[in-house]
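The chain below stands alone, shown as C-alpha coordinates; this is the form predicted alone.
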Amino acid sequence: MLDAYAHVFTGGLPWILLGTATGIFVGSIPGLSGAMVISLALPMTYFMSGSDALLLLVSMYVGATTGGLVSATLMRMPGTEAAIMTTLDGYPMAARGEPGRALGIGVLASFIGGMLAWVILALLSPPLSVVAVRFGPYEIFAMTVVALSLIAAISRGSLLAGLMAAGLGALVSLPGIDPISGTLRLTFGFSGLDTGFALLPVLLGTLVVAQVFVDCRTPSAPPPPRGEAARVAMHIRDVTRYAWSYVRASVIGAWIGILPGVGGTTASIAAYSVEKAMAKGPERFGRGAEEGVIASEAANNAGTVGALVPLITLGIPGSVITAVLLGAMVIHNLNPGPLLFAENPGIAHTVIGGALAANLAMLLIMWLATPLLARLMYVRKAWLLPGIVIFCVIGAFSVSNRWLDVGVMLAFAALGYLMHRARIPTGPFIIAYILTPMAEQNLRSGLVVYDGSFLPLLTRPVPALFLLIALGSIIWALAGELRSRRAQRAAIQPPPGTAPGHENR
(Lines give C-alpha, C1' and ligand atoms only; values in the text may rest on other atoms or scores of the structure.)
Protein backbone atom coordinates (compact mmCIF):
# COMPACT_ATOMS: atom_id res chain seq x y z
CA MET A 1 0.00 0.00 0.00
CA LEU A 2 2.73 2.47 0.96
CA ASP A 3 4.73 1.52 -2.13
CA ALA A 4 1.68 2.25 -4.30
CA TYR A 5 1.18 5.70 -2.78
CA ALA A 6 4.91 6.41 -3.05
CA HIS A 7 4.77 5.62 -6.78
CA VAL A 8 1.70 7.82 -7.23
CA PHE A 9 3.42 10.89 -5.78
CA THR A 10 6.81 10.29 -7.40
CA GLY A 11 7.05 8.42 -10.69
CA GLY A 12 3.33 8.72 -11.45
CA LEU A 13 3.05 12.43 -10.71
CA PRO A 14 3.83 13.63 -14.28
CA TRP A 15 1.08 11.41 -15.66
CA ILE A 16 -1.36 12.75 -13.07
CA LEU A 17 -0.57 16.38 -13.89
CA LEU A 18 -0.81 15.69 -17.62
CA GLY A 19 -4.07 13.76 -17.30
CA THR A 20 -5.72 16.27 -14.98
CA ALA A 21 -4.80 19.27 -17.12
CA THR A 22 -5.96 17.49 -20.28
CA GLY A 23 -9.24 16.48 -18.65
CA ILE A 24 -9.93 20.02 -17.43
CA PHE A 25 -9.24 21.44 -20.89
CA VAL A 26 -11.43 18.92 -22.71
CA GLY A 27 -14.20 19.02 -20.11
CA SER A 28 -14.43 22.81 -20.36
CA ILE A 29 -15.17 22.70 -24.11
CA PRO A 30 -18.82 22.08 -25.03
CA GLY A 31 -18.97 19.24 -27.52
CA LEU A 32 -16.11 17.24 -26.07
CA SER A 33 -16.39 14.87 -23.14
CA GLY A 34 -14.35 12.93 -20.64
CA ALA A 35 -15.40 9.63 -22.21
CA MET A 36 -14.13 10.88 -25.57
CA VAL A 37 -10.68 11.94 -24.40
CA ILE A 38 -10.20 8.80 -22.30
CA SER A 39 -11.23 6.60 -25.23
CA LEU A 40 -8.76 8.43 -27.49
CA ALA A 41 -6.01 8.15 -24.88
CA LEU A 42 -6.56 4.44 -24.27
CA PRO A 43 -4.56 3.21 -27.30
CA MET A 44 -1.68 5.44 -26.22
CA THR A 45 -1.38 3.50 -22.96
CA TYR A 46 -0.57 0.18 -24.66
CA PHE A 47 3.16 0.72 -24.14
CA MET A 48 2.81 2.06 -20.59
CA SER A 49 2.81 0.05 -17.39
CA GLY A 50 -0.61 -0.80 -15.99
CA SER A 51 -0.23 1.49 -12.98
CA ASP A 52 0.88 4.52 -15.03
CA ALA A 53 -1.87 3.95 -17.57
CA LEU A 54 -4.54 3.89 -14.86
CA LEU A 55 -3.10 6.99 -13.20
CA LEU A 56 -3.30 8.88 -16.50
CA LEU A 57 -6.87 7.77 -17.23
CA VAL A 58 -8.19 8.27 -13.68
CA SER A 59 -6.76 11.79 -13.56
CA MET A 60 -8.38 12.56 -16.92
CA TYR A 61 -11.66 11.36 -15.42
CA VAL A 62 -11.38 13.66 -12.41
CA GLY A 63 -10.19 16.63 -14.48
CA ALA A 64 -12.95 16.34 -17.10
CA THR A 65 -15.66 16.28 -14.43
CA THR A 66 -14.33 19.50 -12.90
CA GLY A 67 -13.70 21.15 -16.27
CA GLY A 68 -17.38 20.98 -17.13
CA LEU A 69 -18.14 23.76 -14.66
CA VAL A 70 -16.07 26.29 -16.66
CA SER A 71 -18.34 26.58 -19.69
CA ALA A 72 -21.42 25.89 -17.56
CA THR A 73 -20.60 28.90 -15.39
CA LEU A 74 -19.23 31.34 -17.96
CA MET A 75 -21.42 30.56 -21.00
CA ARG A 76 -24.37 28.54 -19.64
CA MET A 77 -23.17 25.65 -21.80
CA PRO A 78 -22.26 22.60 -19.69
CA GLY A 79 -19.03 21.04 -20.87
CA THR A 80 -20.16 17.70 -19.44
CA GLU A 81 -23.61 16.35 -18.66
CA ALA A 82 -22.72 16.22 -14.95
CA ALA A 83 -22.44 20.04 -15.01
CA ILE A 84 -26.03 20.59 -16.17
CA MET A 85 -27.17 21.62 -12.69
CA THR A 86 -24.22 24.02 -12.32
CA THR A 87 -25.64 26.21 -15.08
CA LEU A 88 -28.71 27.01 -12.97
CA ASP A 89 -26.80 29.15 -10.45
CA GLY A 90 -23.25 29.40 -11.78
CA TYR A 91 -24.17 31.38 -14.87
CA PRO A 92 -26.42 33.89 -13.04
CA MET A 93 -23.54 34.52 -10.62
CA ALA A 94 -21.14 35.13 -13.51
CA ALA A 95 -23.64 37.33 -15.35
CA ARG A 96 -24.03 39.65 -12.38
CA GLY A 97 -20.26 40.26 -12.23
CA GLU A 98 -18.94 37.36 -10.14
CA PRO A 99 -17.36 34.90 -12.61
CA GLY A 100 -14.27 34.36 -10.45
CA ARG A 101 -16.40 33.85 -7.34
CA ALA A 102 -18.62 31.33 -9.14
CA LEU A 103 -15.60 29.41 -10.46
CA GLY A 104 -13.88 29.64 -7.08
CA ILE A 105 -16.67 28.11 -5.03
CA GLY A 106 -17.25 25.53 -7.77
CA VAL A 107 -13.62 24.42 -7.72
CA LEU A 108 -13.57 24.35 -3.91
CA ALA A 109 -16.77 22.29 -3.87
CA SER A 110 -15.31 19.93 -6.47
CA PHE A 111 -12.20 19.44 -4.37
CA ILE A 112 -14.05 18.89 -1.08
CA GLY A 113 -16.55 16.54 -2.71
CA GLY A 114 -13.77 14.54 -4.33
CA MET A 115 -11.77 14.34 -1.10
CA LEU A 116 -14.69 13.23 1.05
CA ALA A 117 -15.57 10.61 -1.55
CA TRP A 118 -11.92 9.52 -1.60
CA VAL A 119 -12.13 8.82 2.14
CA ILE A 120 -15.13 6.60 1.44
CA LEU A 121 -13.27 4.96 -1.45
CA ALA A 122 -10.17 4.28 0.63
CA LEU A 123 -11.80 3.12 3.85
CA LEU A 124 -15.25 1.77 3.06
CA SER A 125 -15.19 0.51 -0.52
CA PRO A 126 -15.60 -3.25 0.21
CA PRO A 127 -18.62 -3.00 2.57
CA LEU A 128 -20.28 -0.24 0.57
CA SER A 129 -19.92 -2.14 -2.68
CA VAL A 130 -21.52 -5.19 -1.05
CA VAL A 131 -24.53 -3.08 -0.04
CA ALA A 132 -24.79 -1.44 -3.46
CA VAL A 133 -24.71 -4.73 -5.34
CA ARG A 134 -27.71 -5.91 -3.32
CA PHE A 135 -29.87 -3.22 -4.88
CA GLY A 136 -32.34 -5.03 -7.09
CA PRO A 137 -34.26 -3.64 -10.08
CA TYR A 138 -37.11 -2.26 -7.98
CA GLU A 139 -34.64 -0.42 -5.71
CA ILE A 140 -32.96 1.21 -8.72
CA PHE A 141 -36.36 2.01 -10.26
CA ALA A 142 -37.60 3.66 -7.07
CA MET A 143 -34.44 5.73 -6.87
CA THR A 144 -34.90 6.98 -10.44
CA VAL A 145 -38.52 7.83 -9.59
CA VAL A 146 -37.16 10.04 -6.81
CA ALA A 147 -34.85 11.76 -9.29
CA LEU A 148 -37.69 12.23 -11.78
CA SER A 149 -40.01 13.59 -9.11
CA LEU A 150 -37.36 16.09 -8.09
CA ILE A 151 -37.84 17.70 -11.50
CA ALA A 152 -40.77 19.46 -9.84
CA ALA A 153 -38.42 20.88 -7.24
CA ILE A 154 -35.90 22.31 -9.71
CA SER A 155 -38.32 23.62 -12.33
CA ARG A 156 -38.42 27.39 -12.40
CA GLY A 157 -41.73 29.08 -13.12
CA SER A 158 -44.69 26.91 -13.95
CA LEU A 159 -44.75 23.41 -12.54
CA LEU A 160 -46.90 22.39 -15.50
CA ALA A 161 -44.25 23.60 -17.95
CA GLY A 162 -41.62 21.57 -16.12
CA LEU A 163 -43.75 18.43 -16.23
CA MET A 164 -44.49 18.99 -19.93
CA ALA A 165 -40.76 19.24 -20.61
CA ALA A 166 -40.15 16.07 -18.60
CA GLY A 167 -42.84 14.20 -20.52
CA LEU A 168 -41.30 15.28 -23.82
CA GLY A 169 -37.88 14.15 -22.64
CA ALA A 170 -39.25 10.76 -21.64
CA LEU A 171 -40.94 10.41 -25.05
CA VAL A 172 -37.71 11.21 -26.92
CA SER A 173 -35.88 8.46 -25.01
CA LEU A 174 -38.24 5.69 -26.18
CA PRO A 175 -37.27 5.07 -29.86
CA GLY A 176 -34.81 2.25 -30.42
CA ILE A 177 -34.47 -1.26 -29.04
CA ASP A 178 -36.89 -2.47 -26.39
CA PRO A 179 -34.74 -3.20 -23.30
CA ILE A 180 -36.55 -6.45 -22.46
CA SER A 181 -37.84 -7.99 -25.70
CA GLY A 182 -35.05 -6.69 -27.93
CA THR A 183 -37.48 -5.63 -30.66
CA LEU A 184 -37.46 -2.26 -32.41
CA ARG A 185 -40.03 0.33 -31.42
CA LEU A 186 -41.03 3.83 -32.57
CA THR A 187 -38.45 3.85 -35.37
CA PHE A 188 -41.12 4.26 -38.09
CA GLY A 189 -39.03 2.13 -40.45
CA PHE A 190 -36.07 4.52 -40.28
CA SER A 191 -32.90 2.49 -39.71
CA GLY A 192 -31.06 5.47 -38.27
CA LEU A 193 -33.28 5.26 -35.18
CA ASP A 194 -32.56 1.58 -34.51
CA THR A 195 -30.38 2.55 -31.56
CA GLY A 196 -32.43 5.59 -30.59
CA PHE A 197 -31.18 9.14 -30.23
CA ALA A 198 -27.59 9.19 -29.02
CA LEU A 199 -27.05 11.05 -25.76
CA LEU A 200 -24.28 13.43 -26.84
CA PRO A 201 -26.05 14.94 -29.90
CA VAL A 202 -29.21 15.49 -27.84
CA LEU A 203 -27.25 17.21 -25.07
CA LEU A 204 -25.20 19.32 -27.46
CA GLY A 205 -28.24 20.38 -29.46
CA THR A 206 -30.59 21.18 -26.59
CA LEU A 207 -28.12 22.80 -24.23
CA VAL A 208 -25.26 24.20 -26.31
CA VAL A 209 -26.27 24.90 -29.93
CA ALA A 210 -29.69 26.13 -28.81
CA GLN A 211 -27.93 28.60 -26.53
CA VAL A 212 -25.81 29.69 -29.50
CA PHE A 213 -29.04 30.43 -31.40
CA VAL A 214 -30.33 32.45 -28.46
CA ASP A 215 -27.06 34.39 -28.16
CA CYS A 216 -27.07 35.14 -31.89
CA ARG A 217 -30.60 36.52 -31.74
CA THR A 218 -30.32 38.58 -28.57
CA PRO A 219 -28.09 41.66 -28.36
CA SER A 220 -24.93 41.28 -26.32
CA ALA A 221 -25.32 42.36 -22.72
CA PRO A 222 -22.77 44.77 -21.29
CA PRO A 223 -19.87 42.92 -19.66
CA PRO A 224 -19.86 42.57 -15.88
CA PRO A 225 -17.82 45.08 -13.90
CA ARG A 226 -14.19 43.97 -13.93
CA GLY A 227 -13.35 45.35 -10.52
CA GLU A 228 -15.88 43.20 -8.71
CA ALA A 229 -14.83 40.05 -10.56
CA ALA A 230 -11.15 40.71 -9.82
CA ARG A 231 -11.73 40.66 -6.07
CA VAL A 232 -13.27 37.21 -5.85
CA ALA A 233 -11.35 34.06 -5.00
CA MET A 234 -11.64 30.85 -3.03
CA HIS A 235 -11.87 31.54 0.69
CA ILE A 236 -11.28 29.19 3.60
CA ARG A 237 -14.24 30.74 5.42
CA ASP A 238 -16.52 29.23 2.77
CA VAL A 239 -15.65 25.80 4.16
CA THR A 240 -17.08 26.68 7.57
CA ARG A 241 -19.94 28.79 6.22
CA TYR A 242 -21.27 26.03 3.96
CA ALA A 243 -19.91 23.02 5.86
CA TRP A 244 -23.19 21.10 5.96
CA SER A 245 -23.83 21.80 2.28
CA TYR A 246 -20.47 20.27 1.39
CA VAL A 247 -21.09 17.23 3.57
CA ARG A 248 -24.66 16.62 2.35
CA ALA A 249 -23.79 16.93 -1.33
CA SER A 250 -20.63 14.84 -1.00
CA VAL A 251 -22.35 11.99 0.83
CA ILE A 252 -25.24 11.97 -1.64
CA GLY A 253 -22.87 12.10 -4.59
CA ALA A 254 -20.55 9.38 -3.30
CA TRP A 255 -23.42 7.02 -2.46
CA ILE A 256 -25.19 7.48 -5.80
CA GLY A 257 -21.86 7.19 -7.60
CA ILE A 258 -21.29 3.81 -6.00
CA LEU A 259 -24.55 2.47 -7.43
CA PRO A 260 -23.71 0.88 -10.80
CA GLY A 261 -25.00 2.67 -13.87
CA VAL A 262 -26.52 5.69 -12.14
CA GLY A 263 -23.80 8.32 -12.65
CA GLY A 264 -22.84 11.82 -11.58
CA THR A 265 -25.77 13.53 -13.30
CA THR A 266 -28.30 11.82 -11.03
CA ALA A 267 -26.09 12.59 -8.03
CA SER A 268 -25.97 16.25 -8.98
CA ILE A 269 -29.76 16.41 -9.42
CA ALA A 270 -30.43 14.75 -6.08
CA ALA A 271 -27.93 16.87 -4.13
CA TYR A 272 -29.16 20.12 -5.70
CA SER A 273 -32.78 19.28 -4.93
CA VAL A 274 -32.02 18.31 -1.33
CA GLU A 275 -30.04 21.51 -0.84
CA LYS A 276 -32.86 23.62 -2.25
CA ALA A 277 -35.42 21.86 -0.07
CA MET A 278 -33.36 22.51 3.07
CA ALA A 279 -32.40 26.10 2.25
CA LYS A 280 -33.91 29.02 4.16
CA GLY A 281 -34.50 30.92 0.93
CA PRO A 282 -35.24 28.34 -1.80
CA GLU A 283 -36.42 31.08 -4.17
CA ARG A 284 -32.75 32.11 -4.56
CA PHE A 285 -31.94 28.87 -6.33
CA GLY A 286 -31.80 29.27 -10.08
CA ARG A 287 -30.90 32.94 -9.69
CA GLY A 288 -27.31 32.68 -8.46
CA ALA A 289 -27.38 30.86 -5.12
CA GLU A 290 -23.89 29.86 -4.01
CA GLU A 291 -25.29 26.74 -2.30
CA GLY A 292 -26.63 25.57 -5.69
CA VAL A 293 -23.16 25.65 -7.25
CA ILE A 294 -21.70 23.92 -4.19
CA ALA A 295 -24.31 21.15 -4.19
CA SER A 296 -23.97 20.42 -7.91
CA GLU A 297 -20.17 20.43 -8.07
CA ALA A 298 -19.54 18.62 -4.79
CA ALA A 299 -22.00 15.89 -5.75
CA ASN A 300 -20.82 15.25 -9.31
CA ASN A 301 -17.15 15.09 -8.26
CA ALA A 302 -17.99 12.85 -5.31
CA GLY A 303 -19.94 10.68 -7.74
CA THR A 304 -16.89 10.51 -9.99
CA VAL A 305 -14.72 9.10 -7.21
CA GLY A 306 -17.57 6.98 -5.83
CA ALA A 307 -17.98 5.28 -9.21
CA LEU A 308 -14.49 3.80 -8.74
CA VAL A 309 -15.75 1.73 -5.79
CA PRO A 310 -17.71 -0.91 -7.76
CA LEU A 311 -15.02 -0.82 -10.47
CA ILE A 312 -12.11 -1.94 -8.30
CA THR A 313 -14.06 -4.09 -5.83
CA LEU A 314 -16.63 -5.79 -8.07
CA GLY A 315 -15.45 -5.17 -11.62
CA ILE A 316 -18.75 -3.35 -12.32
CA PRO A 317 -18.50 0.03 -14.09
CA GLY A 318 -20.56 2.74 -12.40
CA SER A 319 -20.50 5.07 -15.43
CA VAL A 320 -19.55 5.23 -19.10
CA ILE A 321 -16.05 6.41 -18.29
CA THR A 322 -15.44 3.71 -15.70
CA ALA A 323 -16.46 1.20 -18.38
CA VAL A 324 -13.53 2.53 -20.41
CA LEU A 325 -11.30 2.21 -17.33
CA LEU A 326 -12.50 -1.39 -16.99
CA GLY A 327 -11.37 -2.00 -20.56
CA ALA A 328 -7.99 -0.46 -19.72
CA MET A 329 -7.55 -2.92 -16.87
CA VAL A 330 -8.35 -5.85 -19.15
CA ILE A 331 -5.94 -4.56 -21.81
CA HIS A 332 -3.14 -4.47 -19.23
CA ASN A 333 -3.90 -8.04 -18.07
CA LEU A 334 -5.44 -6.99 -14.75
CA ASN A 335 -8.40 -8.72 -13.17
CA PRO A 336 -10.88 -6.11 -11.92
CA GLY A 337 -13.29 -7.33 -9.30
CA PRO A 338 -13.10 -9.09 -5.95
CA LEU A 339 -9.79 -10.73 -6.84
CA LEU A 340 -8.03 -7.44 -7.60
CA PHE A 341 -7.15 -6.75 -3.97
CA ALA A 342 -5.91 -10.34 -3.58
CA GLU A 343 -3.94 -10.66 -6.83
CA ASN A 344 -2.86 -7.05 -7.51
CA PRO A 345 -3.27 -5.02 -4.30
CA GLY A 346 -0.72 -2.52 -5.57
CA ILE A 347 -2.88 -1.71 -8.60
CA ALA A 348 -5.99 -1.29 -6.42
CA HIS A 349 -4.22 1.12 -4.10
CA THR A 350 -2.66 2.89 -7.08
CA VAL A 351 -6.15 3.68 -8.40
CA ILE A 352 -7.21 4.91 -4.95
CA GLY A 353 -4.06 6.99 -4.56
CA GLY A 354 -4.46 8.31 -8.09
CA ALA A 355 -7.92 9.66 -7.22
CA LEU A 356 -6.38 11.49 -4.25
CA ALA A 357 -3.50 12.94 -6.26
CA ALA A 358 -5.78 13.93 -9.15
CA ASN A 359 -8.03 15.93 -6.82
CA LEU A 360 -5.01 17.73 -5.38
CA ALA A 361 -3.69 18.43 -8.89
CA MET A 362 -7.13 19.64 -9.97
CA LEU A 363 -7.25 22.15 -7.10
CA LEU A 364 -3.78 23.47 -7.95
CA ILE A 365 -4.40 23.76 -11.69
CA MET A 366 -7.83 25.36 -11.32
CA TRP A 367 -6.59 27.75 -8.62
CA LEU A 368 -3.88 28.96 -10.99
CA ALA A 369 -6.19 29.04 -14.00
CA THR A 370 -9.30 30.62 -12.45
CA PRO A 371 -8.13 34.25 -12.94
CA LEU A 372 -7.52 33.53 -16.62
CA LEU A 373 -10.74 31.57 -17.06
CA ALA A 374 -12.79 34.36 -15.47
CA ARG A 375 -11.66 36.67 -18.29
CA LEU A 376 -13.75 34.63 -20.74
CA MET A 377 -16.73 36.60 -19.44
CA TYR A 378 -15.25 39.69 -21.10
CA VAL A 379 -14.55 38.11 -24.49
CA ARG A 380 -17.07 38.97 -27.20
CA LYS A 381 -19.30 35.98 -27.82
CA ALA A 382 -19.04 36.57 -31.56
CA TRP A 383 -15.47 35.30 -31.29
CA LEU A 384 -16.39 32.25 -29.24
CA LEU A 385 -19.61 30.97 -30.80
CA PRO A 386 -18.17 29.73 -34.16
CA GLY A 387 -15.56 27.64 -32.35
CA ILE A 388 -18.19 26.23 -30.01
CA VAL A 389 -20.33 25.16 -32.97
CA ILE A 390 -17.32 23.52 -34.64
CA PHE A 391 -16.50 21.52 -31.50
CA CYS A 392 -20.17 20.51 -31.20
CA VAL A 393 -20.19 19.20 -34.78
CA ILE A 394 -16.98 17.27 -34.09
CA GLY A 395 -18.40 15.85 -30.87
CA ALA A 396 -21.71 14.80 -32.45
CA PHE A 397 -20.02 13.23 -35.48
CA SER A 398 -17.50 11.32 -33.34
CA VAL A 399 -20.24 9.38 -31.52
CA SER A 400 -20.75 6.94 -34.42
CA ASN A 401 -18.86 8.60 -37.28
CA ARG A 402 -22.08 9.48 -39.12
CA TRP A 403 -23.61 12.77 -40.21
CA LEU A 404 -27.01 11.65 -38.98
CA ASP A 405 -25.97 12.52 -35.42
CA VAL A 406 -25.04 16.03 -36.57
CA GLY A 407 -28.55 16.35 -38.02
CA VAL A 408 -30.02 15.09 -34.74
CA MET A 409 -28.00 17.71 -32.88
CA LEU A 410 -29.34 20.48 -35.11
CA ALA A 411 -32.91 19.22 -34.77
CA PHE A 412 -32.70 19.25 -30.99
CA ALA A 413 -31.04 22.65 -31.16
CA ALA A 414 -34.16 23.94 -32.91
CA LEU A 415 -36.30 22.23 -30.28
CA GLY A 416 -34.26 23.77 -27.47
CA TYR A 417 -34.56 27.20 -29.06
CA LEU A 418 -38.36 26.86 -29.36
CA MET A 419 -38.54 25.73 -25.73
CA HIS A 420 -36.56 28.80 -24.73
CA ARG A 421 -38.94 31.08 -26.66
CA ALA A 422 -41.94 29.34 -25.05
CA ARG A 423 -40.34 29.63 -21.58
CA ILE A 424 -40.32 25.86 -21.13
CA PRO A 425 -37.29 24.76 -19.07
CA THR A 426 -34.80 22.46 -20.77
CA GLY A 427 -33.45 21.03 -17.50
CA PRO A 428 -36.43 18.71 -16.86
CA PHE A 429 -36.34 17.65 -20.52
CA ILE A 430 -32.71 16.52 -20.30
CA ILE A 431 -33.11 14.91 -16.88
CA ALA A 432 -36.14 12.88 -17.98
CA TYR A 433 -34.39 11.91 -21.21
CA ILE A 434 -31.40 10.53 -19.28
CA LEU A 435 -33.29 8.77 -16.50
CA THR A 436 -36.32 7.31 -18.31
CA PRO A 437 -34.47 4.38 -19.96
CA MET A 438 -33.00 3.40 -16.59
CA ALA A 439 -36.40 3.60 -14.90
CA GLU A 440 -38.12 1.59 -17.63
CA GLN A 441 -35.50 -1.13 -17.77
CA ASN A 442 -35.44 -1.67 -14.02
CA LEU A 443 -39.23 -1.56 -13.68
CA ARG A 444 -39.72 -4.17 -16.37
CA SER A 445 -36.86 -6.28 -15.02
CA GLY A 446 -38.52 -6.14 -11.60
CA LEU A 447 -41.80 -7.28 -13.10
CA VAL A 448 -39.99 -10.25 -14.65
CA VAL A 449 -38.26 -11.12 -11.36
CA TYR A 450 -41.45 -10.83 -9.27
CA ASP A 451 -43.86 -12.48 -11.74
CA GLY A 452 -45.55 -9.27 -12.79
CA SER A 453 -46.26 -8.05 -9.26
CA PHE A 454 -45.87 -4.39 -8.23
CA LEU A 455 -46.34 -5.29 -4.57
CA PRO A 456 -42.59 -5.51 -3.71
CA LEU A 457 -42.34 -1.80 -4.48
CA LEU A 458 -44.40 -1.25 -1.31
CA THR A 459 -43.36 -4.21 0.82
CA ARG A 460 -39.58 -3.97 0.37
CA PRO A 461 -38.22 -1.25 2.69
CA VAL A 462 -35.81 0.52 0.33
CA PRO A 463 -38.22 0.98 -2.63
CA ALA A 464 -41.01 1.99 -0.25
CA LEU A 465 -38.78 4.62 1.36
CA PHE A 466 -37.73 6.04 -2.02
CA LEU A 467 -41.35 6.22 -3.21
CA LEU A 468 -42.33 8.08 -0.03
CA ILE A 469 -39.53 10.56 -0.70
CA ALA A 470 -40.80 10.99 -4.27
CA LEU A 471 -44.36 11.58 -3.05
CA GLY A 472 -43.13 14.07 -0.47
CA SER A 473 -41.13 16.02 -3.08
CA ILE A 474 -44.19 16.30 -5.34
CA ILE A 475 -46.37 17.51 -2.46
CA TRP A 476 -43.67 19.98 -1.43
CA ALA A 477 -43.43 21.35 -4.98
CA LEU A 478 -47.21 21.70 -5.29
CA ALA A 479 -47.41 23.49 -1.95
CA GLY A 480 -44.62 25.85 -2.98
CA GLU A 481 -46.39 26.69 -6.23
CA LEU A 482 -49.66 27.37 -4.41
CA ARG A 483 -47.87 29.69 -1.99
CA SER A 484 -46.23 31.50 -4.88
CA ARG A 485 -49.56 32.03 -6.64
CA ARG A 486 -51.20 33.33 -3.49
CA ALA A 487 -48.33 35.77 -2.99
CA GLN A 488 -48.68 36.99 -6.59
CA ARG A 489 -52.43 37.53 -6.18
CA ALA A 490 -51.84 39.39 -2.93
CA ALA A 491 -49.30 41.65 -4.63
CA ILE A 492 -51.70 42.47 -7.48
CA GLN A 493 -54.77 43.04 -5.28
CA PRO A 494 -55.08 46.75 -4.22
CA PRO A 495 -54.99 47.61 -0.51
CA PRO A 496 -58.34 47.68 1.32
CA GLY A 497 -60.22 50.95 0.91
CA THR A 498 -58.45 51.89 -2.34
CA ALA A 499 -60.66 52.54 -5.32
CA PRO A 500 -59.85 50.49 -8.42
CA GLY A 501 -57.72 52.40 -10.88
CA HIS A 502 -56.45 54.81 -8.14
CA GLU A 503 -53.76 52.59 -6.61
CA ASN A 504 -50.87 54.84 -7.62
CA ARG A 505 -52.49 58.22 -7.01
Partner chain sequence: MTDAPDTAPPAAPGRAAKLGFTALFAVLGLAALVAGSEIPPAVYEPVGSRAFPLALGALALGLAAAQAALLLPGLLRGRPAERDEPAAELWPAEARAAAAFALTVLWIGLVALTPLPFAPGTALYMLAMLAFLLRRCDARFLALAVPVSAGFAWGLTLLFTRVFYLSL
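We call the rigid core whatever largest set of C-alpha positions still superposes within 1.5 Å between the two forms. Since the model is a prediction, treat every value here as computed from it, not as a measurement. Positions refer to the first chain, counted from 1.
Note that the form predicted together with its partner chain isn't included here; everything after this is about it.
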query	finding
4.5 Å heavy atom contact, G167 to its partner chain in the predicted bound form	yes
Its partner chain contact at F397 in the predicted bound form, heavy atom, 4.5 Å	yes
Non-hydrogen atom contact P386 with its partner chain in the predicted bound form at 4.5 angstroms	yes
Non-hydrogen atom contact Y417 with its partner chain in the predicted bound form at 4.5 angstroms	yes
Whether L160, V406 and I424 all lie within 4.5 angstroms of its partner chain in the predicted bound form by heavy atom	yes
Partner-facing stretch of 66 to 74, 441 to 449, 51 to 59, 466 to 474, counted where any non-hydrogen atom is within 4.5 angstroms of its partner chain in the predicted bound form	441 to 449
Listed residue (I180, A277, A122, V239) with a non-hydrogen atom within 4.5 angstroms of its partner chain in the predicted bound form	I180
Selected contact from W255, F111, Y91, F391, since only one has a non-hydrogen atom within 4.5 angstroms of its partner chain in the predicted bound form	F391
Contact set, 182 to 197 vs its partner chain in the predicted bound form - heavy atom within 4.5 angstroms	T183, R185, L186, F188
Threshold 2 Å Cα movement between the shown form and the other one for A243, core superposed	no
Did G97 shift 2 Å or more between the shown form and the other one, C-alpha, core superposed	no
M409 C-alpha relocation of at least 2 Å between the shown form and the other one, rigid core basis	yes
Change in CA distance between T426 and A64 in the predicted bound form, which is 3 Å or more, as closer or farther	closer
Distance direction in the predicted bound form for the C-alpha atoms of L17 and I388, relative to the displayed form (3 angstroms or more)	closer
